[in-house]
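What follows is one chain in structure tokens, specifically the form predicted on its own.
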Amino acid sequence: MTKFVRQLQFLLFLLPILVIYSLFTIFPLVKAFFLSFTNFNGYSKVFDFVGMKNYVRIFADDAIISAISYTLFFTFAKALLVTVLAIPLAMILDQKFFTRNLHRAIFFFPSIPSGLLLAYIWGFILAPMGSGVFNTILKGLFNIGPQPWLADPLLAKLSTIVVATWAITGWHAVLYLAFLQSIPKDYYEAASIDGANRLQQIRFITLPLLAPAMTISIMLLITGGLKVFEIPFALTKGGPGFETYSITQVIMLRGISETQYGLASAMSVVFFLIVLAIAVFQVTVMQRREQSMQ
């Protein structure tokens, strides 16, 4: 069998997935890019070419500007909090103690239900009325009156970030745990013999060898954060005002509810470019960091 025939066989095996990927990914992207230059309303078969009008409207819409600002704040705050919490949690779960597996399951569990379900549950906990679980605890322990956790602009933003962080930290701790267990114990034994304390072992052994895990974890956090929809929508419906509007929520609102499909397509294109630029920048920086730490 010649080399050409073998390569042809490989390509034939790849052909079905290439067709499916083109049909469900490439074609919608190209179509959205085309419709972003039109006034298509999503229903009519007749629409006109409007040039860059939709792209200009994006930056004149207060809801869209607020959505971009909130989504970026949510994404980077959540990525920072999850990373800061997940690495120490993974180190604790890597220790040998009797209920280790039970604790791993407990911390991993919040990542299993959908974000929408978790947010509805947290909606009762953070209810701004005096009957809310959190407000009841504050009243009983510290005699503090009801706090508008989901009605105040700043508290609403922080509440959505805390709930999202709580939901996903265990999942990323398990990711770091998998990388921690691949680090040879010999490294720590040799460091102990040389007199390195625990903090020095973490600084010079654990963190450098966790660099690939951090690249993967942060990339997933950033791309997932930019696409956030369920938790802010279920907790606040985007309010108060436009304060917790996410980009995906505004795209669906403009495209489906307001039948401005052309404008929604233009927003989708801009959103795609933002996600692509941030993802490429993050992976490039993190890979250079990995090389510098090795």
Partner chain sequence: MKKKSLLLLITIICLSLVLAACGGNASNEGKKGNEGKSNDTTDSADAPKPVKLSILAWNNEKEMKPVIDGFKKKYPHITFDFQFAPPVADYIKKLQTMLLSDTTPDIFMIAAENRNEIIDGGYALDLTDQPFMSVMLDSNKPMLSKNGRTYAFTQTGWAGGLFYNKQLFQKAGINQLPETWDEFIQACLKLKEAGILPLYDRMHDITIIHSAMFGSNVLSKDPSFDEKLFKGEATFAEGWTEVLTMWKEGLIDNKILTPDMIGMTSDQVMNEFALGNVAMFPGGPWNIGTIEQTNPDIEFEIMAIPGKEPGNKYFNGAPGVGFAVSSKTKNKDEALLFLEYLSTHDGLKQFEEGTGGIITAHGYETKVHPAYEPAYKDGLMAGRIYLPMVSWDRHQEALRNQFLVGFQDIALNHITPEEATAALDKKLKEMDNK
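Positions refer to the first chain, counted from 1. Keep in mind it's a predicted model, so treat the numbers as computed, not measured.
This protein has a second form, the form predicted in complex with the partner chain, left out of what is shown; the following refers to that one.
Contact check for Asn197: no non-hydrogen atom falls within 4.5 Å of the partner chain in the model of the complex. The shortest heavy atom separation between Glu243 and the partner chain in the model of the complex is within 4.5 Å. With a 4.5 Å cutoff on heavy atoms, Tyr43 counts as touching the partner chain in the model of the complex. At least one heavy atom of Gln260 is located within 4.5 Å of the partner chain in the model of the complex.
Contact with the partner chain in the model of the complex, defined as a heavy atom within 4.5 Å, holds for exactly one of Met129, Leu102, Ile193, Leu141, namely Met129. This chain is drawn without the partner chain; in the model of the complex, the residue among Leu253, Leu35, Leu226, Ile68 with a heavy atom within 4.5 Å of it is Leu253. No member of the trio Pro88, Pro110 and Thr169 reaches the partner chain in the model of the complex with any non-hydrogen atom inside 4.5 Å.
Look at 182 to 190, 92 to 100, 200 to 208, 143 to 151: in the model of the complex, residues with non-hydrogen atoms within 4.5 angstroms of the partner chain sit in 143 to 151.
Residues of 50 to 65 placing a heavy atom within 4.5 Å of the partner chain in the model of the complex, in sequence order: Lys53, Arg57.
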